[in-house]
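Presented below, as structure tokens, is a lone chain in the form predicted on its own.
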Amino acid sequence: MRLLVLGGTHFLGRHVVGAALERGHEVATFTRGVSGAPPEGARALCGDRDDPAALPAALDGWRPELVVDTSCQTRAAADNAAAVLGGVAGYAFVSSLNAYRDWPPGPIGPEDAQPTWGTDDDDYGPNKAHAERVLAEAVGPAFLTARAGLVVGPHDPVYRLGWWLDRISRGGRIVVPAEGLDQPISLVDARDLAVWLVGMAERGQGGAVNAKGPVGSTTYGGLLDVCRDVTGGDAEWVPVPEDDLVATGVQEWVHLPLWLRHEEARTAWDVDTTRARELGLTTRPLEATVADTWAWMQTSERPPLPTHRPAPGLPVELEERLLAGR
């Protein structure tokens, strides 16, 4: 079938293209054309999603039957896609848990029991919720909204897991959050999510799904231990109390990637993924994801960080201050 990937040259979109090609689809990607070419075998269409004339011009009569949308960031992008792609047989849209009005901190139960944002704020979560509404109205029952959680794996430009791998590979004493090591977290490999998204579009599956790894599949400390095993480093964890981290200026999620303070982490990771499992979203072993990500990091040029995102990782001066005397 003719399958259009909105996105397709970066992280998740790149894996979606690969999955769709493997399943025999005729694949085209629609991007701004500034982040490189899609995987070989896909047709590259270029244009700015925020321009209402761009997508029709790029398609130029080529009519997709299926869509996987990995790149919608603005209300205009959603409105423009809805105006053109309403008649497709399956549309899998990558939304975010941020579309929920009460997350974080959560917890998040079954999808139909949780309110999403309904405001006009030009912010990430409200924009995703707006996109869900307008695209669902245009596409109808064949519209699936995948509210993604933490996605990791090869080609990840956000560099959260990547920073930990790089830092742990250098070895030595490493600051870790004392209260955070037992914190349950969950991740989904972009490749598993990509295969599932293509399958949902093929089926014309509709509805909302919390598309993330199962709750409690590992802990923060368990993830760091896997990173140490994979990189072969001699890293030594130096647990630092949360109050000391905060007092020293350590920013959760940014300076210590994936770390949330205890009060927020207690509920933020608690997301019901029952429907995702029922619809066949599987998650490969964490060890495989980490090992493949590390292997990719050794052999590939690192993609640039997405714009408007702070560089993750603990600044050297903060690390030295926290390690002093411990």
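Just count from 1 along the sequence shown to find any residue number. The structure displayed is predicted, hence computed values, not measured ones.
Unshown form predicted in complex with a small molecule; subsequent notes refer to it.
- Remark: none of the three candidate residues (164, 220 and 238) comes within 4.5 Å of the small molecule in the predicted complex, counting heavy atoms only.
- A residue is said to contact a partner when one of its heavy atoms sits within 4.5 Å of a partner heavy atom; residue 95 meets this definition for the small molecule in the predicted complex.
- Residue contact with the small molecule in the predicted complex: residue 31 places a heavy atom within 4.5 Å of it.
- Using a 4.5 Å cutoff between non-hydrogen atoms, residue 12 counts as a contact of the small molecule in the predicted complex.
- At a distance threshold of 4.5 angstroms between non-hydrogen atoms, residue 72 is in contact with the small molecule in the predicted complex.
- Listed stretches are 229-237, 168-176, 120-128, 135-143; the contact stretch with the small molecule in the predicted complex is 120-128, by a heavy atom cutoff of 4.5 Å.
- Taking 181, 150, 254, 83 one by one, only a single residue has any non-hydrogen atom within 4.5 Å of the small molecule in the predicted complex, and it is 150.
- In summary, among the residues 274, 282, 35, 267, the only one with a non-hydrogen atom within 4.5 Å of the small molecule in the predicted complex is 35.
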